[in-house]
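Below are two forms of the same protein chain, given as structure tokens: structure 1, then structure 2.
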Structure 1
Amino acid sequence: MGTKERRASEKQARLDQILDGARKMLFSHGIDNISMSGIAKKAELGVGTIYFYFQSKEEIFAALQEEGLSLLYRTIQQIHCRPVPSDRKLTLIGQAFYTFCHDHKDYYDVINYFLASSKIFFTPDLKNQVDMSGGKILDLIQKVIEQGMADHTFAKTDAGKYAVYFFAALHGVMHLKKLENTALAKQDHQQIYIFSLKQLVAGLKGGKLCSQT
């Protein structure tokens, strides 16, 4: 049994070792320049060994994506736990997403890798990963919105849909960052993001705004 445990922990160690290598490659070379042999080299492992733990390159990318989403999730969850009004919470979450995209650009790239791919390569297993990570983020946002509706910070709306809308909109704005030197040259991207986030939060208040008038 000691053996079995050691085996398990060693297996996890290898998994980490490979993921470490992959992460190193990701951070140093960017997602477009990751090769399996490169990962193997960084991980100080044979190529075949990599394939013993991962079925394909895509699966490694998925794991990396999972890492990124998990990191984002934890960040958001910490905010979610704070004793703060719902509208403030959403704003903090939005800001956290912005920070995340900046500070972990590579993770953001990996997440986009799957989002942007014109192929659909989610095997049932990978699907679960996405459900467990990406989905959980949406759930968290939904909860914040529901809380806000419960304490009348927000007007009544479809929390599930708004959560997706909220995240998608912020993602869309982040995505356009590429254009900050071209189509958006006239404006400051960060300002646009802040503006968008405000709109998204304000949109939830609905009638509230009026009563302030």
Structure 2
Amino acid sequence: MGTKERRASEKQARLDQILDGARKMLFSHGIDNISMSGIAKKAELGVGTIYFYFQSKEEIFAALQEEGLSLLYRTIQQIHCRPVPSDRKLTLIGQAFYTFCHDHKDYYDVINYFLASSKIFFTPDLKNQVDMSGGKILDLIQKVIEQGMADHTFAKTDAGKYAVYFFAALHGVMHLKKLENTALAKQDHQQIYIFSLKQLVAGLKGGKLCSQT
């Protein structure tokens, strides 16, 4: 490994330390009780090093959200490029979101932390930056729906609004996983998710909903 590559690797390692430390503190302290010095201590780095990468804790948490959203976007983009029917493509996107929530729970929990809060923690510029990352995902879903309408797989609808509904509905169902040992103890959460996904896709095909099987 050359000098340039080694420096890039060291820089990425420090960045990962900062983001990992901030992520761990978010759930144990809450963003309002976190300071840059606290993140530095958790990451085992100097405060000056933290400020070399980020100007504020809000920038750190915005970066965490963008990392997760970018990962999800790349996954959905790959599905979007596959030569499969629109209804199958939308189903694969829904399945990919479920997998993302499980396999990348650290990212999902951070995204969910800020989505679930009624409080806005970021400056308008940072909020717009994060929102644009999420918006790219909705745009891909909208394109799949528009493709389905064009090839007559789906009935005519407002593709933009349905894309938001599709994502919000699946996100809401994922939220219910916390009830799987209480109110939903007699049901399998994954099967509830699969059922909901089928209904959402079927709803685009003329409103004819599928059975529970």
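Here, rigid core means the biggest group of C-alpha atoms that superpose within 1.5 Å across both forms. Just so it is clear, the structure is predicted and the values come from calculations on it, not from any experiment. Residue numbering: structure 1 sequence, from 1.
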Form selected (criterion: the form predicted alone): 2
Quick one: core overlaid, is M36 moving 2 Å or more at the Cα between the two structures? yes
Angle through which the smaller rigid unit swings between the two structures, given in whole degrees: 38
